[in-house]
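Listed next as structure tokens is one chain, alone, in the form predicted alone.
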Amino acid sequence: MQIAISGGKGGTGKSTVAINVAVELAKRFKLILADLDVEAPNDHLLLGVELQNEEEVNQFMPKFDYSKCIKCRKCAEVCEEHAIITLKDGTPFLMPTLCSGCRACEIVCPVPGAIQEGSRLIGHTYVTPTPYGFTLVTGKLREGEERSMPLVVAAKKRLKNLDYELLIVDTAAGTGNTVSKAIEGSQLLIAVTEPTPLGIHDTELILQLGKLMGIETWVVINRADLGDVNEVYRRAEKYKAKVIAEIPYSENIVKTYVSGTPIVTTDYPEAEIFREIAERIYEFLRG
């Protein structure tokens, strides 16, 4: 079973909801939480753990054997990223940061061995045990890299070697291809939003994505006392999505966030909201 926690706009509280729901549901399922916001993963910080079991993620990068290259320029012509440039005589050179690793150059090269297998490090994945009874899988893009999809794919591949009953995916912000890839395979999508103009706008985008992918979608409104909550309800109703919780702005939530302590492990009154969200998910998954 798999559920995804997303929301469109960044900073709405997706990770806060994800880690607290994971702590609660780990009491009922053998659970993995996957932090697939690979450009800015932070679930480990909110859980107060250090990332462990690092594995490199490398991407294909062409290496030219100039002794075999016939300077036909086909590699440069086929490169959609313009990562390969040629001199006047046709000698190719690679700009590594532009290369997407698509291998089109290798495919069109007419001389076997003129383009050889190379690679470069683009990030890491981690598998980290937590003190809350579940495992955290994390993808982390290397600083300066622009393409996050290979990291999302690599993190999901590491999941295949792990045993679990429930996977909770914490996605990146937005509705781009890395978000849809992270959501892929989910039975339930929870959109965490806030009642601000940008939050409401991006909520509609994630609701559209959920509808497009055929996934039941629920809405959680964070900082619900700081904006137009009724407009969130109207957008949710438009896409037949349930609003299952309203979380008020709370200094207690901020304190636990900063200290790396899930609020459900405390006796703060706001913890009950997250427990109720987890209970709703449990009832949904149970059928």
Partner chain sequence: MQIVIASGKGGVGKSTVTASLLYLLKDEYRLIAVDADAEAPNLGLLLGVTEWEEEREHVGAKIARINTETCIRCGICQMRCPYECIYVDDEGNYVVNELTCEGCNVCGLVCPVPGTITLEQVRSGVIRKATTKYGFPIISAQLDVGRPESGKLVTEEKEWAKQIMKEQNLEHMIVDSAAGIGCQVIASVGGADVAILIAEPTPASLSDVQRVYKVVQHFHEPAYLIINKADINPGFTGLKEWAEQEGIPILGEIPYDSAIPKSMSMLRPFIEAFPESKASQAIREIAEVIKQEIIK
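Heads up, when I say rigid core I mean the largest set of C-alphas that superpose within 1.5 Å between the two forms. Positions refer to the first chain, counted from 1. Everything quoted here is computed from the prediction, not taken from an experiment.
From this point on, the text means the form predicted together with its partner chain, which you will not see here.
Only one listed stretch (105-113, 86-94, 130-138, 161-169) carries heavy atoms within 4.5 Å of its partner chain in the predicted complex, and that stretch is 105-113.
The closest non-hydrogen atom of L121 lies beyond 4.5 Å of its partner chain in the predicted complex. In the predicted complex, G227 approaches its partner chain with a heavy atom inside 4.5 Å. Under a 4.5 angstroms non-hydrogen atom cutoff, its partner chain in the predicted complex has T175 among its neighbouring residues. The closest heavy atom approach of A40 to its partner chain in the predicted complex falls within 4.5 Å. Taking A76, L188, L198, C72 one by one, only a single residue has any non-hydrogen atom within 4.5 Å of its partner chain in the predicted complex, and it is L198. Residues L198, H201, D202, L205, Q208, L209, L212, M213 are the members of 198-223 with a non-hydrogen atom no more than 4.5 angstroms from its partner chain in the predicted complex. Once both forms are fitted on their rigid core, the CA atom of E146 lies less than 2 Å apart between the shown form and the other one. Superposition of the core reveals a Cα shift of 2 Å or more for H82 between the shown form and the other one.
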